[in-house]
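In C-alpha cells, the next block holds one chain alone, the form predicted alone.
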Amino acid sequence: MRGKISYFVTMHRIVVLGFMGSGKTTIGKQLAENLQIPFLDSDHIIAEKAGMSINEIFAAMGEQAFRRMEEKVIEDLSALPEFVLAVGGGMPAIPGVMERLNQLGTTVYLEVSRYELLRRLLKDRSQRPLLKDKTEIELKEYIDQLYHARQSFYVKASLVLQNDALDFQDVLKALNLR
C-alpha cells in the first residue's frame, strides 16, 4: 500500500479509479454496501442518460462527446452528500479531471500490475467489446500503452492501493473506516 497510510475519510464520497479490470466495480459495490451508501458507476450513469451503450455513444458521437459526458457526471455528483463512485478508466486522464475528482471526494487508485491486468482481461475479454477481438499479444500491447499513458494521472489519487489481491476490507482499513 502506498499513499497516506493514516488517511482518514471524513466525508463518505469515495471515488474508485484504475485501469479496466482493476476491481473498481467489485470493490466499489462492496464499500458502498458496507458503508450503506449509494454505489454509482460513471459509465452506467452516462449510458442511462444517453439511452445507449458506451460503445454506441462512441460510434454515434465520438470520444470527445463521451469525455464531455464524463465531466458532466462529476458536476452533477457534486450535489450529492455521499456515494461510492467507480469511474471509467480513461476519465482521470482528461485534462483537469483528476484534480476535480480529488475535490469531489477521497480518490482511491486500485493499482494492478500489468501482468495481473493481462491475466484478468484475457479471462473476461469477451465481456469487453473493445477487447474481444484482440489477440493476447495485441491485448498486452494495448495494456502497456494505456497503462503508461494513464499512470501519471492515477497516482494523483488520495490513496494508492496495490490491488493484485486486495479485498474491500483492506480498502476499509486503509481508509480508516474499519
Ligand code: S3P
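Bear in mind that the values here come from a model prediction, so they are computed numbers and not experimental data. When you see a residue number, it is the position in the sequence shown, counting from 1.
One more form of this protein should be noted, the form predicted in complex with this ligand, which is absent from this view; the next part is about it.
Here is the short version: of Ala65, Leu130, Ala59, Ala149, the single residue with a heavy atom within 4.5 Å of this ligand in the model of the complex is Leu130. The closest heavy atom approach of Glu70 to this ligand in the model of the complex falls within 4.5 Å. Among residues of the shown chain, Glu111 is not one whose heavy atoms approach this ligand to within 4.5 Å in the model of the complex. Although the partner is absent from this view, Met20 contacts this ligand in the model of the complex, with a non-hydrogen atom inside 4.5 angstroms. Proximity of Ile54 to this ligand in the model of the complex: non-hydrogen atoms within 4.5 Å are present. Residue Asp43 is the only member of 25-51 with a non-hydrogen atom no more than 4.5 angstroms from this ligand in the model of the complex.
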